[in-house]
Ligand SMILES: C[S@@+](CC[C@H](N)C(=O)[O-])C[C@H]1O[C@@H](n2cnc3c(N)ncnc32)[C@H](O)[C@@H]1O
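Shown below, as structure tokens, is a lone chain in the form predicted on its own; questions about how it binds or moves come after it.
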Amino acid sequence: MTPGLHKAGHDTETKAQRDGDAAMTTEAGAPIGAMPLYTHLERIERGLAAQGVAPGDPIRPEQLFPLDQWHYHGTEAVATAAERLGLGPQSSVLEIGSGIGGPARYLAHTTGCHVTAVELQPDLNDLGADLTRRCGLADHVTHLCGDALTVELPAGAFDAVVSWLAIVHIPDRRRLFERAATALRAGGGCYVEDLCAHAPFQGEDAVDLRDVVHGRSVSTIAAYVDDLQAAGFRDVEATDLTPDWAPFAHARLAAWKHGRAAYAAVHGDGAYDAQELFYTVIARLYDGGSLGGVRLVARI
């Protein structure tokens, strides 16, 4: 078996470890809109202006790729999902937690698929819809503002469900996966990249997980697999991405600090400081040994 790869039913986690997952699910704290990564949205328009794109002007999707991919390894991670799920022009995809629409637009632009992009926060959803329209992709991406736990999802309407670093914000993950399973056609695929826990979070780490990362359903990998299987997913493949993500987070923070002057000159000091706070906390949580990353691929 490839290092870091876990097939459902082949883990060695104890029942006590799984029972401890409840302690890793954080209670209500700061609102999700306060999460540093989701503030200072004007940085997108400023980044476009630096490329010579005025407000309201058409945008080439490639001009947004450095600005709208808020997860590890950017478009490379989205391309991996498209390949694993076999997406093409006839595919209908549901994205959970779409943010400002970066992955949805990349999928639509590169594969020709149609994406229904569900996002809880109205300001992110509205910005995403505007960027999609300006990219000429409105016929391929439908932006839907709502809670993924309650928004109407037609049964059997999708070939795939995808998500990048968003399910961590949703408190009832098992219910979410049950809804996703119902929304998929028979044989449909699921691709998720998300944060996970390798040990309980303590003290300052637990507070920052709640208030800075807005972690609401951070659990062990085995518990994540359990939720997928309980919802009816099969052939669940879980890969521990921590050996890749932890050094990535530290390199990202170092590069961020090195590029402070250049970034702040374009996007403003507030945008720089918010993301430095987020990147610093993430790097420290990896250092503490509690935070990890996981990729899950499954079929219904």
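When you see a residue number, it is the position in the sequence shown, counting from 1. Note that the coordinates shown come from a computational prediction; the quantities given were computed from them, not determined experimentally.
Although it is not shown, the form predicted in complex with the named molecule is what the next lines describe.
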Item checked: Any non-hydrogen atom of T75 within 4.5 angstroms of the named molecule in the model of the complex -> no
Notebook entry, point to check: For Q121, is any heavy atom within 4.5 Å of the named molecule in the model of the complex, or not?
Noted result: yes
Check: Closest heavy atom of W70 to the named molecule in the model of the complex, within 4.5 Å or not?
Finding: yes
Check: Any chance D147 has a heavy atom within 4.5 Å of the named molecule in the model of the complex?
Finding: yes
Check: Okay, which stretch from 79-87, 225-233, 121-129, 204-212 lines the named molecule in the model of the complex, with non-hydrogen atoms inside 4.5 Å?
Finding: 121-129
Check: From the list V53, L253, L241, L37, which entry has a heavy atom within 4.5 Å of the named molecule in the model of the complex?
Finding: L37
Checklist line | Single option in W164, F158, Y106, F177 placed near the named molecule in the model of the complex, where near means a heavy atom within 4.5 Å | finding: W164
Notebook entry, point to check: Out of 89-104, which residues reach within 4.5 Å of the named molecule in the model of the complex, heavy atoms considered?
Noted result: E95, G97, S98, G99, P103
